[in-house]
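Only one chain is given next, in C-alpha cells, and it is the form predicted on its own.
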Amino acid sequence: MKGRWVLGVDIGGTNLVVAAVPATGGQPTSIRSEATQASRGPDDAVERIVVMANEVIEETLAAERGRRSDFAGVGIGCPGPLDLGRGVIVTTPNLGWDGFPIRTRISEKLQMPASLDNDANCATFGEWWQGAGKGVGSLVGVTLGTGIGGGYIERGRLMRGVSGSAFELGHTTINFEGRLCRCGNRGCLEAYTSGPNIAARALDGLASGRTSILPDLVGGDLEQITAETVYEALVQGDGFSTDLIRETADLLGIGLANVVNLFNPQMIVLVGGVTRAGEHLFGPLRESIERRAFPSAVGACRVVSGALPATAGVIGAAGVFVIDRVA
C-alpha cells in the first residue's frame, strides 16, 4: 500500500473525531474533535468531517514536509447497522440517520479511497492493533458510551458476520420485558448500561423516592443529570449512585458472561466514557461475570480497560483501511 499516513474518522453519538495515523501503526500525529450534533443530519456531519480532515492533513504535512499523496486514504468508523459492501448507513438508533452513503460522500469530497466499518469494530481493532490487546489471539471489544457496541477479533481477523452486522452486543436482550431501547426492542443491554440510560435510570430512581445528592450537583435541574454526574456523586459517597453503578456493572456482567460462554475469548477490552467509573465498575463487573460464566472460560479471560481512551476509534478505523487494502 502506498502512503505513509491514513486518515481515521470516528463517528460517535457524542463526538466526531478525525486524526492522521501512521500506516504502519502508532499514535495519531494530529487530531480534531467536534460535537456530533446528530439532529443536523448526516450531510452536515460529512461537511464538518471534511473540514477537520483537511486541517489534519495540512498540519501533518507541514510537520513532516510531506505531500498530499502521502495519505493513502481514509478509514471511517460509524455506528450501524451498516451495508459494508455499498458503504451505506442502514440505520443508526443513536443518530437517527438512515440509508446514507457515507463512504462515498467522504471519499468523493476528500478525493481519497475510503473504507467503512462499524465504530465498535474499529475501536476493537484499534485496541488489538496498538492498545491493550496487542498480540492477543482472541479478543472481544466493548464500547461503553452513548450506545453499547461490540467487536470480535479471532487470530487477527475482525469477525463481521454474513451481512456485516455481527456482534451488536448492545442490542442483545437481557430482560425480555425490560426497558424500551431506541432500536425498538425491549430489554436490550444498551437500554440499561449506556451513558444516557444510566442517567435515565438515575431519574427513575429519584422519581421513585430515592435520596441522593444528584439534584444538588445539577442545581435542581434534573434533566442535566448525566452518567458523569452519577460518577461524581459516587466519588462523593452518594449511596444511591453507588448502588446504581453496581447494578449497571451487574447488568453488563450478564451480557459479558454470555459472551464469555459463547466465544471463550482470551481478553475483553472495555473502552468509552462509562469506563471512567474505574474499579467501581470493573470490580462488580468481574464478579458478575464470574458468577454466571463457566469457570474454565472465566479463568482464561482477562477483563481490562482500553489503553487508548481517546483514540481507539480513529486508530482502528485507519487500521481497518490498511488491512482492507493489503488483503
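Bear in mind the structure is a predicted one, so any value in this text is a computation, not a measurement. C-alpha atoms forming the largest set that superposes within 1.5 Å between two forms make up the rigid core. In this text, residue numbers run from 1 along the sequence as written.
The same protein has a further form, the form predicted in complex with a further copy of the same chain, not shown here; the description that follows concerns it.
Trainee: Can you pick the stretch from 202-210, 219-227, 249-257, 110-118 whose heavy atoms fall within 4.5 Å of a further copy of the same chain in the predicted complex?
Mentor: Correct option: 249-257.
Trainee: Has each of M159, S165 and I174 got a heavy atom lying within 4.5 angstroms of a further copy of the same chain in the predicted complex?
Mentor: All of them do, each having a heavy atom within 4.5 Å of the partner.
Trainee: Verify the contact flag for R86: yes if a non-hydrogen atom of it lies within 4.5 Å of a non-hydrogen atom of a further copy of the same chain in the predicted complex, no if not.
Mentor: No.
Trainee: Could you tell me if R292 has a non-hydrogen atom within 4.5 Å of a further copy of the same chain in the predicted complex?
Mentor: Yes - in the predicted complex, heavy atoms of R292 and a further copy of the same chain come within 4.5 Å of each other.
Trainee: Taking 4.5 angstroms as the cut-off for heavy atoms, does D243 touch a further copy of the same chain in the predicted complex?
Mentor: No, D243 stays farther than 4.5 Å from a further copy of the same chain in the predicted complex.
Trainee: Answer yes if any heavy atom of W97 is within 4.5 Å of a heavy atom of a further copy of the same chain in the predicted complex; otherwise answer no.
Mentor: Contact check for W97: no, nothing within 4.5 Å of a further copy of the same chain in the predicted complex.
Trainee: If the cut-off is 4.5 angstroms on heavy atoms, which of these, Y152, W129, F71, Y231, is the one near a further copy of the same chain in the predicted complex?
Mentor: Comparing distances to a further copy of the same chain in the predicted complex, the residue within 4.5 Å is Y152.
Trainee: Just to be sure I understand the contacts: of T29, S33, N54, N261, which is the one whose heavy atoms reach within 4.5 angstroms of a further copy of the same chain in the predicted complex?
Mentor: In short, N261.
Trainee: Quick one: once the rigid core is lined up, does T91 have its C-alpha move by 2 Å or more between this form and the one not shown?
Mentor: Result for T91: yes, a 2 Å-plus shift.
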